[in-house]
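Here we start with a single chain on its own, the form predicted alone, put down as structure tokens.
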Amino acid sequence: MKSLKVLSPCGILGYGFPDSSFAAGLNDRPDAIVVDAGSTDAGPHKLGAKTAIVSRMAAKKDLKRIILGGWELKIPVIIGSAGGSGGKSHVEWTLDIIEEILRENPTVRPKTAIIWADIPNEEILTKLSQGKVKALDATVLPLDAQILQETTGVVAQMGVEPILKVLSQGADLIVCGRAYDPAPLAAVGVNAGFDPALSYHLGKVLECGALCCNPGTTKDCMMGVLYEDCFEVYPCDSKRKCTTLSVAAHTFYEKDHPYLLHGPGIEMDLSHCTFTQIGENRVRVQGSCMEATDPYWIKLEGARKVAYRTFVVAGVRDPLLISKIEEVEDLVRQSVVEQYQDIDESLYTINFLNYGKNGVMGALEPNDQAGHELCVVFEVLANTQDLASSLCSSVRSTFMHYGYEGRKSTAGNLAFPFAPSDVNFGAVYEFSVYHLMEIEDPSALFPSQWWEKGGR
């Protein structure tokens, strides 16, 4: 093949995309449709609670169009990190939706492969004993058998190798568990014989849909074209434009180094890349480099339940209270602690977030000047939901009527936009596994199987 086209419908499956853009993409005759469905951007909750990032309705709407579009053109469709976190429950949730779509469209019978990404605790413990597991950063707890037992399940980011296996066997539809975001896109190019570095870099640019455009969005379609010595990208919507700046900027998206990018068994070096404008809305990229790493590392992800949360959202408008908001919050916290002296303080935490002052960056905020009003979010984390709710209720009532120095009115200090004001959130999760693990075979821990329901 002298060129290969890959259609990326959107940034995450379920985010949506215009019918007109997708139709334009299909009319452009792509060789594959690939969509990323997952992320850890929203934190550990979806992984730990085994819930999806998007609604079933949204996922089905996108899946139906993508599966029918791929079937119409007789091209493979690949879904990466199915269900959001790519664990067994997330993949099965996605398969249930696909089964429903295929029942409603009985003439559509794709040869469907599943690639699992769940890693057994025994495998991790063995690697731990061999010194082949390391934390990604110093904030991650040391991993041991107890933490793994408390973790609801561990997934790992697969590279291209497991996907190449089922592509070579003629899969029409591939549902991947947790995958390194660019890998499903890169696998299409590598499978067709194109340069792996260019394939991975293209995957990096396309994984978020049209976010590399002006105006950028994850809710629109992008086309990528691989050639022997370069790749080109352009939007499927004429209202969007790819520029050298927008594509180069997205190359640096979500990276801790300007031009080095690590993935399963690879390290990309993008320091020699060039970005060239080709026409009004199309950019050509050349010079992508990549090396295989030895050893081959995969990233492990797992979450465990650590508490229960109740929170309140309230507005503050009094300039006097705003000027001493942290002081009053500390006094409110102290008052509630004294009220519940019979409860061990290690069983709960009271937090305040002041949006309009430093609610986003906290102590890192360089501009500590408050506006004329604040949105105050306070939460209580506790070892049971009942305790969290009881303490949060006391925090609310104490804060509501707290008599800070200089206050003239005896009315409430807080304005509540919702009733009831107290929201019982439920379980709170943290990343208990956020580590790298050395492996020998890139496919061994990512078993694939053919799915018979609705397929051929």
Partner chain sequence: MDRLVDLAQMLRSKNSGPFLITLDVFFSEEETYRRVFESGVITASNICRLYHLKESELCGIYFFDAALGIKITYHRSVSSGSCGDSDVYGAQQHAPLMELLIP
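Residue numbers count along the first chain shown, from 1. Since the model is a prediction, treat every value here as computed from it, not as a measurement.
This protein has a second form, the form predicted in complex with its partner chain, left out of what is shown; the following refers to that one.
When you look in the predicted complex, the only residue of 225, 313, 353, 192 with a non-hydrogen atom within 4.5 Å of its partner chain is 353. Among 95, 307, 337, 370, the residue placing a heavy atom within 4.5 Å of its partner chain in the predicted complex is 307. A residue is said to contact a partner when one of its heavy atoms sits within 4.5 Å of a partner heavy atom; residue 254 meets this definition for its partner chain in the predicted complex.
Contact check for residue 403: no non-hydrogen atom falls within 4.5 Å of its partner chain in the predicted complex.
The closest heavy atom approach of residue 294 to its partner chain in the predicted complex falls outside 4.5 Å.
Within 4.5 Å of some heavy atom of its partner chain in the predicted complex lies at least one heavy atom of residue 271. Heavy atoms within 4.5 Å of its partner chain in the predicted complex are found in one stretch of 254 to 262, 107 to 115, 144 to 152, 184 to 192, which is 254 to 262. Of the residues in 429 to 443, those that come within 4.5 Å of its partner chain in the predicted complex through at least one heavy atom are, in sequence order, 429, 430, 431, 434.
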